[in-house]
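This document opens with one chain alone, in structure tokens, the form predicted on its own.
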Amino acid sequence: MKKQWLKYLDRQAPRYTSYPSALRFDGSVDAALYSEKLRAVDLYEPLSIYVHIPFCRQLCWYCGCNMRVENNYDRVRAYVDALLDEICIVGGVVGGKGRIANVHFGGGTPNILVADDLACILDAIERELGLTDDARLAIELDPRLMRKGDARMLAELGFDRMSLGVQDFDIGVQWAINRMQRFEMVAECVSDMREAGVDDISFDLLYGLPKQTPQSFSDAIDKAISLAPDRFAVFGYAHLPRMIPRQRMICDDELPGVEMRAELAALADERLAAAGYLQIGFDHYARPGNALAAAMGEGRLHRNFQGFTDDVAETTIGFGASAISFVHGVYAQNDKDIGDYQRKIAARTLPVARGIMRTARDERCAAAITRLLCDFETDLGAMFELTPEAEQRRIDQALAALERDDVIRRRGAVLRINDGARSLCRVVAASIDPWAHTAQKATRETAKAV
């Protein structure tokens, strides 16, 4: 990394899985507005469905997800009942319109659910919203809960994309984050998935964890590559103990410094590229034949709450506590508290707690930032048409500094991130984002740029 880039490493920047960030959500979006947008869904409009399962068997100290540890399955089953009711309510509002392109189960730990409950949720989606054979079904999995035969059961239910939370294979790192899982356990999961015919397996890796070193992380990457997953997502750990109490179990003194974080990120780039994976956006990687790589090559890569994706749907309908929907310019987030969520569902009310409606300016900013993150190049012309002169001057000054430091190059309204600086693309995005300019730094939705 060039010396002049080091000053950018510790800058806070949104993850841009939504625009505006969830930090900007407020009470201006309610069930009535969300219902209005759902009723406006077009007959053949592509839909992406997200189902949030907020339960885990054990607390991982690094985790920033909306979850709780739950070992009483009766309470899990009560939550599933609420999910089924929410799907029914939304289906009634949508009225048979839209066509599902993707279904994604996230968490928490979706495979905490028994097969019958997963089947019930899918049946409800099919009955209320329509689920055809060409829809892609994805699920996030904890390898510690996978048993022999689980992969085949999931494949028989229709799941053809499976993601394993690997994080790191080093025993010392695993102890430091309270997530023990042997390499052999993950290898057995992959073997079972391949036997079940799954051809799209993804691993999540984390850098910046306590006790990580370049050598230990390099070894972990090499072990992960040896299992030949089809995709990787390599995220930087965001340490926010004031916002996320469980992270207070992690010793600050054991965390890598900013420059070592950059070295760890660069290691992932180098190792995965050498193994034949293509870089997708700034933190995903895929084999050349994978659908994600095809989307990048064809200029249709997209970014949403699942990260970089080949999902064709602009509209997302989220189910479950804390799930976020995006329908026709409106973000609507459900209650985060599971009890509040269930009480609203029991009252036959959509459990919307907050959200935001995009302005015309937000729409253009979102388009510019999405293309920057997905393609490393964007045209600011349309965005500048709705940008006040004072804000344009601020953006020009920020971009001029980035250009002097060889992070970007500009030609008129078009800017492109230089190849070696792609890890700084969120910093570049924040420089053209009027929301980020006024945002506070240490929050749940922001993290170090690298």
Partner chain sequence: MAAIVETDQLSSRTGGARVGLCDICDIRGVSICQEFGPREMAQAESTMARRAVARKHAIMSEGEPNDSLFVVVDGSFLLSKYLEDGRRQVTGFIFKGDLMGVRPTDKSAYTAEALEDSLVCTFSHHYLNEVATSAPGVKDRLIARGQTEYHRAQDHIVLLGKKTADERVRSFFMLLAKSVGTDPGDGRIEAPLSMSRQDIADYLGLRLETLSRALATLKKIGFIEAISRNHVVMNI
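Fair warning: this is a prediction, and the values are worked out from it, not measured in the lab. Positions refer to the first chain, counted from 1.
Below, we refer to the form predicted in complex with the partner chain, which is not included among the displayed structures.
Contact here is defined as any heavy atom lying within 4.5 Å of the partner chain in the predicted bound form, and by that definition each of 101, 127 and 312 is a contact residue.
In short, of 164-172, 134-142, 286-294, 108-116 it is 134-142 that has heavy atoms within 4.5 Å of the partner chain in the predicted bound form.
Checked against the partner chain in the predicted bound form, the candidates 381, 388, 420, 46 yield a single residue with a heavy atom inside 4.5 Å, and that residue is 46.
Residue-level contacts in the predicted bound form: of 149, 95, 257, 329, one residue has a heavy atom within 4.5 Å of the partner chain, and it is 95. Contact between residue 337 and the partner chain in the predicted bound form is not found at the 4.5 Å heavy atom cutoff. The closest heavy atom approach of residue 198 to the partner chain in the predicted bound form falls outside 4.5 Å. When the partner chain is considered in the predicted bound form, residue 375 lies well away from it, no heavy atom lying within 4.5 Å. When the partner chain is considered in the predicted bound form, residue 82 lies well away from it, no heavy atom lying within 4.5 Å.
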